[in-house]
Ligand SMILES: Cc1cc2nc3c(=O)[nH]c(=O)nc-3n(C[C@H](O)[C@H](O)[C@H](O)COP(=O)(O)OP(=O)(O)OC[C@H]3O[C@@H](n4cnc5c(N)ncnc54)[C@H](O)[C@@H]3O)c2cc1C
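Next up: a single chain in structure tokens, the form predicted alone.
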């Protein structure tokens, strides 16, 4: 882990902070990874975030093998997670439970994920970006884009003291999540038809934790995820349909979420002694498609570039991978003043995530029909080839990974 770096105050006063090539809006995984890669390439980068760091985010708090590998590439170290100086837990695979049917798979040999607190990962990435040369301003809320004709030329933001600031750059990178201000003010995102919300918390006292992410799908639009995050703790995410979300209004959120989870027979005993640490965090709806666009001076990454459903746990991988794809395109665009590299990035990103996105849609639709879903789990579990392929796709495992260990349990 890097030593403590003063990332909370700029060395420049606000009125001269316009000498940047790229403004990155959002300091989550995609924004910090992009800022780190760009700064390491000699690009003058300013990264902005509305929150004070470290800060919690609603998240399943697990990085799949693809995300772990991407971290290694971005940090220039094959095992970047070895420099974490905070609690984390290796994740060897996943398990899906639906009634008396379950499907379990390990990631291919040598491939693993990591469960850990999201705010610590984000802080770690920000520190690496700053060490590489990026400037970072927290508690600085971007309110809208600056336009020069049909080109994005910067952002209007509000300083920590509440003063409006005009910040200009050649490129604005929107890495600001599902409710992206950049995408919204460019008028390229919208709400999709899937109305699902999730409530995330951390639990102490969960029994039976293993080195796997567990998903419980009892039906009725409810999905409960458990992931070990180190130090004996677990992240629990309860995803509910829009109707269930409405039922939450006016109720004790902590009690409601625990009751929903304990109502699942397989979790009743395991959560009997469980206690919630901190707040319940809500997020959703998740379905935020982004319209095709070609806007000079703007690029979108991570969730801001479009999202569907978190069920497969691929969000952090996509954030990091989109930064890997965008960074060289941005460098080339700055060098040549041609929009073509960023256009190619958009196509490459869509192609890169196409298989996973199709799988997310299939899983979400089938999981709403319990009988069909349980039949699918049994059928997939009966085939080592299908289980192997599913584990690799969901894990975003590097292409050299060839095998996994399938285990299917059903009556």
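Residue numbers count along the first chain shown, from 1. The shown structure was predicted, so the numbers you read here are calculated from the model rather than taken from an experiment.
Another form, the form predicted together with the named molecule, is not on view; read the next lines as being about it.
Sole residue of 212, 118, 88, 270 within 4.5 Å of the named molecule in the model of the complex, by heavy atom: In short, 118.
Among 316, 173, 226, 71, which has at least one heavy atom within 4.5 Å of the named molecule in the model of the complex? Result of the distance check: 316.
Can residue 25 be called a contact residue for the named molecule in the model of the complex at 4.5 Å between heavy atoms? Looking in the model of the complex, residue contacts with the named molecule include residue 25, since a heavy atom lies within 4.5 Å.
According to a 4.5 angstroms non-hydrogen atom cut-off, is residue 51 in contact with the named molecule in the model of the complex? So residue 51 counts as contacting the named molecule.
According to a 4.5 angstroms non-hydrogen atom cut-off, is residue 302 in contact with the named molecule in the model of the complex? Residue 302: contacts the named molecule in the model of the complex.
Report yes if any heavy atom of residue 216 sits within 4.5 Å of a heavy atom of the named molecule in the model of the complex; otherwise report no. Residue 216: no, not in contact with the named molecule in the model of the complex.
Among 140-148, 74-82, 101-109, 289-297, which stretch sits within 4.5 Å of the named molecule in the model of the complex, heavy atoms only? Careful reading of the contacts points to 140-148.
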